[in-house]
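Okay, so we've got the same protein chain twice, two forms, each given alone as structure tokens, structure 1 and structure 2.
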Structure 1
């Protein structure tokens, strides 16, 4: 395995229940604010209204695009503006788009299928919308980017994988600039799916707490502008942060359950540390996956206490809900913003330690030392992905 050169991050953008942009999100996180509530985007037939974290999508309805792509567009526009690039100025440059989501192109429009099932010819509009809404393609089209585009569908680690793979495009010289991130919308299909798996909490999510019952779903998008040293050097742009390393590994154990010893997560952590040249004592904090499901949090706590004892960690899902394919990207953005602010928020929802968990998250706003941090994701299919991120130059 080769040691990676750091890849500069010159722009950040984020949209989720915690806020309409990154500044608003960080303010909510450090104020300890969260507002999970019963879904308003759709209705369900469940006896219990499992709370969700809906994102404030102020953009007017772009009828031709799925909500996932519209969320992605908002966060991407913020990240690009933050980087100081306009789409016009990037014309002719090799700009790629690498986006994580849970589905890149699906035929699962519920209304369409329900009508068909009932023996009615449904309107084709929803299918056309799906075919025109591939997230990476939608962003490339909107901004006129002509480099590679990739929509990663690695379930809940997609956002983390997209940032790691986007960074490799810069290192390999494929691209001058990469828009990397993740986006996912809330919908009935995923809501019913997670409910059927009996891993949703009917009260606000409690990551790593003794009484955790499961996750709350969320939605949103997180975007990073990754920029080559050549391009950055030409305009003397300070980096807001760095992607230092990326590791990923499959448990090869079970479709929905993590490996009980977290073997895949351990390998992903080892790779992220090794390729970034970091040792555990250089890690300021870990932004954990921390979904609030009994299994996930147990495995993660065990692995963290094993591999990174004494390193403070937290889950930000108490503020955002589990935004699935967007989660890894949103959390990478938060991680970089926390490194910038040299502090991390409290792990909201955690109050009672679980004797089964050897490590517990931070309960209050914590000042952190060190210039590097990790953000980790675990996913269905046994995927584990970890980003090593570094503080910027400002």
Structure 2
């Protein structure tokens, strides 16, 4: 496989429990702040109120638009403003939208489902609202973009895959600009589903720690503006970073558990490094998937020890919770922001090393060397995706 051309990232946006925009998020990460709490968006009958990370969505509810798409719109507006583009200025240009999600709000109307199961013929307005809230289509409609529009639903690697696919559209010449990222909302169905799998922690999540018990769910959106060199050159715009490579592999080992030897993750890492032309010694750090579940962290630690020994790594899910389809996009945004700052925050929640894990994350704010980093996602079904990202122009 030949080396890919770098794709410029000219704008970044993020909304999650760590902050209402990227600046707030990064301030929270480097201050070690996190505030998981019992859910307020819905109620459950569980004896234990498993904590979640709710996003501070200030936007009023819009008719016909579900929470996932509203989260996406906030992050997308920030990314576009950061890039210097207004939707009006992009009219007539080939602008694509590629967004990852897992739920996308499709389980948000429980009343409709209950009525249907009871034999009632409910009004179809809720279903029309769900169909109208396709995240990619919502953004394309809101901003007037008429290029390719795709929503990626590939479990928890969806956001990473969306960025990788969006970059391929730029390289192939399909688009002048792509709005790529991920968005997902919290909901009762998702909450109950993960609780039934017995992989949620009743206390704040502890990625890679010996006493980790599972994940905390979160919600949010992360967006990147990917821009062709031709378009960027016309306005002499500096890049905030680059998508250097992307790898994706499925080991199909289990419905929910990663392959015990991390075969899929190893293949995705190898592909991302090969596409980017990077060697392990060029990697400044890794933003790991790091859910805090026993299996994920064990496998990921072993793979990092084998493939990228001595490279510092962390999980930012201790600050955001696991935002499912948005996770890879949010973490890509954080990775580029950390490359800009030449430092990474502490892996919050980690205090006691696990003797079963050969590699352990950073415990404090760490200065990093090098101009490239990796952001990786592991997902149900054996899906694995990795982005190789580069520092922008000073």
Partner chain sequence: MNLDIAISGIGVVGGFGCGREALARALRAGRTPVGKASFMTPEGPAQLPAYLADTAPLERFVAKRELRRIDHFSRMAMLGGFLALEDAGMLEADRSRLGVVIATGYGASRTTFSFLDSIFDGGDALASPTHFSSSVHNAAAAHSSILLKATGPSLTVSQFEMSVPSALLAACLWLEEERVDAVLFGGVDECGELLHYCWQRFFPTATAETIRPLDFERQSAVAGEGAAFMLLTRSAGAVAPLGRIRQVLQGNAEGGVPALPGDAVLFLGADGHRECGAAYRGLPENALLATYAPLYGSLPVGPAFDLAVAALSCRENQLFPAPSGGSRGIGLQPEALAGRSICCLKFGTDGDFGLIRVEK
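Definition used throughout: the rigid core is the maximal C-alpha set that superposes within 1.5 Å between two forms. Note that the structure is predicted; figures quoted are calculated from it, not measured. Positions refer to the first chain, counted from 1.
- In this comparison, the chain shown as structure 2 is the form predicted alone.
- Superposition on the rigid core between the two structures places the CA atom of residue 230 less than 2 Å from its counterpart.
- Relative to the superposed core, residue 124 undergoes a Cα shift of 2 Å or more between the two structures.
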